[in-house]
Every structure is written in structure tokens, then in C-alpha cells.
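Only one chain is included here, represented as C-alpha cells and corresponding to the form predicted on its own.
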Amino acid sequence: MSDTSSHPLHLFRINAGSCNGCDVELTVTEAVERFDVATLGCHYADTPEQAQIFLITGPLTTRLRQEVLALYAAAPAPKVTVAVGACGASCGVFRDSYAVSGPLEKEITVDLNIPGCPPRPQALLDGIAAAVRLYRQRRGETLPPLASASDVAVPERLRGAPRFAAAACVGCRVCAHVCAGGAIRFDDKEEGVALTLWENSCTFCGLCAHYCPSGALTLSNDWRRTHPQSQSYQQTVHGEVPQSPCSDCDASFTAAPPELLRRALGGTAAPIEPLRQLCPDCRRRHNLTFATRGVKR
């Protein structure tokens, strides 16, 4: 194994039709000392011919397709390609648009994905470090220790990887309705409802968590999501919401968490646990009977 790891690697940025959010964050890795890619032994190149690592933002629009492919082809092999942000990985909120030719993997070989909309500077530096390691491994070079911003304190309220608590889900599907990236899907099964959330399409906007009535979906502050392209379809959140028979009519339904029922029935004296065993139709009938009991006609 040759010891050529001391020579600097060069990065080249290509905007494939992004909203510039990821590009602004990439500027941080060049302009802000704490996140400077120089700590990884890297420098930004002026031309693609000088580069070994490509950072591509955007969903690859039809208008820019030929220009992007020409820039990419100008770089000599071997090279490492990084799809930066949700758009590069899955087209993000622009998926299925008539103006989009992507995702990138349809046209070029993508090695790594850095999810996010946009990824925070720490995530970008972490992803670039992974690209450096991959490039040097391919070249048979020794791998020196790499500086990283991974140990920087992360705010608790940072919007990162989504989490799903199936026990709290009521299967209302509001999350799928408000998801701009189309990252959430529900599948009906005999035994219940299955949720799948694709992290590569998630923009970490937090709308699903904001509108979830039961708190089943939340966002963690975990931003370390860089992964190989070969694992891109494995970056998912799964959960199955079981159905149970109604204690009155025996119809299958998804039981509501007690906390949600207490919120819905606040101010009433109706017992909560028996209501959890009733389907929505029987629950309405029960509530109407309870509310009118003792009312003189």
C-alpha cells in the first residue's frame, strides 16, 4: 500500500438545478474556518479536470442535464461522486416534475449520499470525509486520521432523522398528506397498516411531526446520515400499526392512544379505556348515548 495520503484532494461542485440551499451550506465548508474542508486535506478546484471528488447538488434538471454530464465526464478516473441533499439522492420535492431528468443515479455513478434539505455543515464535512476515505481506499493509499465536525455540540431542537412510534399511530395518514417530498407511504394489510418513510426523500421539514395528532412521528437531532449509494433504498423507517376487533360490532380498526382520546374528550366524564375498544362508528354512538343520558325530552 503506497503512502501518498499527504497529497491534497480537490473537490468540484456542480449545481444540477438546485434551489441553492445546499450550495449555500457548501459555501460554509469553504468560508467558515470551523467547517473548512482544508482540515480534511481538501481544496476546492476551479475546473473539473483538477478534481477527484464531485459534490453535486440539485435534482438534475432537463435544462442542465447536458452541461452537468459534460462537466462530470471532464474529470479523469478514479473519482468519487457525492449526491448532496435530498434532491441529489431522490429529486426531493421536485420528484416527478416535468422539468427534472434525475435522480442523479440515472445518469452517472453516485457513490455516496448526504441526505438533508439542506444538510447542515457538520453533515457535509462528515460526508466529504467519507468521500476522502473512499477515494484513498480505491487508490490503495494509507488513511490518515481525518478531522471532523462530528463532535460539535448539536442543538436538541435540530431537525434530523425521523423516528416512528407505531404504538402511538392511529393511521390517520395526515403525515403522508403534508409530506412535500412524498417520503411517507401507508400500505393496508390484513393485520393492520404499515408505514414506510424513505430518508433519502425526507427534507427534515418537520411537517409530519407538527401535524401528527398523536405524536407517533418525531424528528431526532441525528444528522449523521451519510451512506453509500448501494444502501440508499435501505435508509428507511418502518412500522406496523396493528388493528383489533371492535368490542361492540367486531369490525377491525386501529385503536387510538389513551392520550389522544383524553384530548378529544376533554371536559367529559366518559371513561377512556372502554372507548379504546370501540371502532369510530360505535364510539360515536356510545358518546351520543352518554351525552344524552338523563336529558328529559
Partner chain sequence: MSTTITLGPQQLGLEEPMYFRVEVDGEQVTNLDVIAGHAHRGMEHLVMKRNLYQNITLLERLCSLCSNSHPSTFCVAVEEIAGIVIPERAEYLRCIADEIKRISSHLFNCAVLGHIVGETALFRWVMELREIMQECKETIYGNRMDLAANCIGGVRYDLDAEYTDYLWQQLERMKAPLEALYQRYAEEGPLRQRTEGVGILTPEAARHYAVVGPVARASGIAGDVRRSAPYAAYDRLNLEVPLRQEGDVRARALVRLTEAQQSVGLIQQALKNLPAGPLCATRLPEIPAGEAISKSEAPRGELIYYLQTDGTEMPLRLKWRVPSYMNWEALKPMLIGGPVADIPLIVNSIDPCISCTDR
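Keep in mind that this is a model prediction, so the values were computed, not measured. Positions refer to the first chain, counted from 1.
Not on display, but discussed next: the form predicted in complex with its partner chain.
Shown without its partner, this chain lists Ala130, Ile108, Val93, Ala194 as candidates; in the predicted complex, only Val93 has a non-hydrogen atom within 4.5 angstroms of its partner chain. Not displayed here, its partner chain is kept clear of Tyr44 by more than 4.5 Å at the level of heavy atoms in the predicted complex.
Remark: Asp36 counts among the residues lining its partner chain in the predicted complex, judged by a heavy atom distance of 4.5 Å or less.
Taking the partner from the other structure, its partner chain in the predicted complex has a heavy atom within 4.5 Å of a heavy atom of Thr27.
The shortest heavy atom separation between Thr61 and its partner chain in the predicted complex is within 4.5 Å. Look at 131-139, 77-85, 209-217, 186-194: in the predicted complex, residues with non-hydrogen atoms within 4.5 angstroms of its partner chain sit in 209-217.
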